[in-house]
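Below you will find one chain, with nothing else, as C-alpha cells; this is the form predicted alone, and questions on how it binds or moves follow later.
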Amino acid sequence: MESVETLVAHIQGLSGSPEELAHLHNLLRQADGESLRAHSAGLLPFLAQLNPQAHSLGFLYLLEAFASSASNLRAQGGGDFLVTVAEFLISCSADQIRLAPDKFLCACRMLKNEVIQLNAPIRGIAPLRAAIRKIQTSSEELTPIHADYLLLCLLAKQYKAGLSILEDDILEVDQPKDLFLYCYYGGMIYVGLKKFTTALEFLHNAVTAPMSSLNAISVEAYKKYILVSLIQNGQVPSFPKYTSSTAQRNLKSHAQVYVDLASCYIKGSYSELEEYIQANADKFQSDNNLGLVKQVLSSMYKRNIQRLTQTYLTLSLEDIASSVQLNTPKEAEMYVLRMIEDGEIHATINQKDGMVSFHEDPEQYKSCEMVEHIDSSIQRLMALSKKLTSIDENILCDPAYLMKTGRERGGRFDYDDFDSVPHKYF
C-alpha cells in the first residue's frame, strides 16, 4: 500500500470529474482493508486536510477506517470526532458517497451508536436526517438509515422530527427488516403524538407485511397494534386475508396476554379490566407497554360514554357517572367536555341542571375546507393508483417473475399469461 500521505494527495487531486472519481475509487478499494486499518489510529489528522464536501469519497474511506477500531472511538470519547462525523453527514456530496453506500451506512450506524451510548440521541437527529436525503435516489426509497433515524427521534422524544420522513410515500424497499423497523418505529412515533389512526396504519403494515417466518419486530408491533386498536376503536379487527399465513397462525399465541386483554375490554366492565391489568402488570411493564395499557384502561370510560350516545338523547351527569363507573358527576363532566373538544362526541351540557344533550354529527361536508380536503385526497389516491399500475406492469415483465410462474406451471407459458402485459413492452 502507498503511504497515507500519498493516498491523501490522490484524494485531493482526484475528486473532480466522474472519471477521476472512478480512478480514485479503485485506489481507495486497493488501500482498504487490513493495510489501511493498520494506520487507523493516525488517520484523524489527515481528515483535517480534506474538505468533507469536495473530497467526500476519500473522507468517507478514512473516516470508516478510523471508526472501525473500537479503541479509536473510546479514545475520542464522543468529543470533536463526533462533531466531525456529524458535519460530514450534513455537508458531504451525495454523488460521491453513493459510490460507497455500505461505508456510508457504517458511518451513520457508528454515529447512532455513539450518541446512544452518550445518552444524547438528539445529537444524531439532524445528521441522520441529512444522510437519508443524501443516500436516497428518491423520496419513495426506504433506506437502512430510516429506522436508525426514527429510533433516535423516539429516544430523544422528538416525535415531530420523525414526521419529516414518515410523511413520504415509501414504494421502494430493499431489505424486509428495514420495512418492519420503519413501520414499528413509525407507529410508536405517532402513538407519542397521540395520532392513533396513523399509528394503526404503520403497526398494521408491520403485522401484515409478507413474512416467511415470524420475527420479533412483528410480534412487538402486534402487541402495540392490539392496544392502539382498543384505544382508538374499542376493538381489534381480525387479520385481513392478505396477511401471511405465518402471522395468522403464530402472532396471537405470542401475544396471548394482550389478546385476553382485548377480550376483557369488550365486556365493558371497568373494574374487571382494571383487575386484569393489575394481575398482569409485570408482563406489560417488561414489554414497555404499561403506559399504553393504562391509556386503554382510561379509554374504557370514553368508550362507555360513546355507547350511551347511541341509546339516549339526554342524560344527567350523575347517571353518566353511575353508568360508566366514574366516582363523581364532576369526573363525568370532565370526560364529556374532553370528548366534545376532541370531536369524539357531539353534545352540550346544561350547567343549571347538569343534563347532557347528545347531537348528530353537524358536519355537512359543504365547507370549502372539507371540499379541498376531499379533492386533495382524491388527487393523492389517483397518483398512488398510477404508481401502483406502473409497478404492476414492471413486475409482469420481470424475467425472474416470469421464470417463477413458468416453473410453477411445469415450464409452460400460455398466451393468456401475457394478456395483462402492456402492449408497449412488445
Partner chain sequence: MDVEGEVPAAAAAAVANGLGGAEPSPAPICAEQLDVEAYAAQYTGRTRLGRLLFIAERCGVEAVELEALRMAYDEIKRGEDTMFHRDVALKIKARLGPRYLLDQAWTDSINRRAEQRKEKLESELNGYRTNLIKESIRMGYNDIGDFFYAHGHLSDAFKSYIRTRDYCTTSKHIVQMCMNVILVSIELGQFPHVSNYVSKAEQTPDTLEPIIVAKLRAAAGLAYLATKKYKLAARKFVETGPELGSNYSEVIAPQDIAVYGALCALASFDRSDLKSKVIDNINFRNFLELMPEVRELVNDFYSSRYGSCLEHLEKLKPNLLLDIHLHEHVETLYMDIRHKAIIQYTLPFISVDLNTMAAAFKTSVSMLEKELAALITENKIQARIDSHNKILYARHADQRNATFQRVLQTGNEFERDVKSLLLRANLIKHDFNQRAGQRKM
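Positions refer to the first chain, counted from 1. What you see is a predicted model; the values in this text were computed from it and never measured.
Beyond the structure shown, there is the form predicted in complex with the partner chain, which is absent from this document and is the topic of what follows.
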Practice task
Give a yes or no for Q175: in the predicted complex, does one of its heavy atoms lie within 4.5 Å of a heavy atom belonging to the partner chain?
Solution key: yes
Exercise for the section: Indicate whether the partner chain has at least one heavy atom within 4.5 Å of a heavy atom of N288 in the predicted complex. Expected result: no
Practice task
Spell out, yes or no, whether the shortest heavy atom distance between E87 and the partner chain in the predicted complex is within 4.5 Å.
Solution key: no
Exercise for the section: Answer for Q248 alone: is it within 4.5 Å of the partner chain in the predicted complex, judged on heavy atom distances? Expected result: no
Fill in the blank from the handout: Here the chain appears without its partner; judged in the predicted complex, the stretch of 209-217, 99-107, 116-124, 258-266 with heavy atoms within 4.5 Å of the partner chain is 209-217
Exercise for the section: Go through Q310, S238, N327, Q351 and name the one with a heavy atom inside 4.5 Å of the partner chain in the predicted complex. Expected result: Q310
Fill in the blank from the handout: With the partner omitted here, the residue among A130, L82, I170, L151 that in the predicted complex has a heavy atom within 4.5 Å of the partner chain is I170
Practice task
Determine the residues of 341-374 with a heavy atom within 4.5 Å of the partner chain in the predicted complex and present them in sequence order; the list may be empty.
Solution key: D353, M355, F358, H359, E360, D361, E363, Q364, Y365, K366, M370, H373, I374
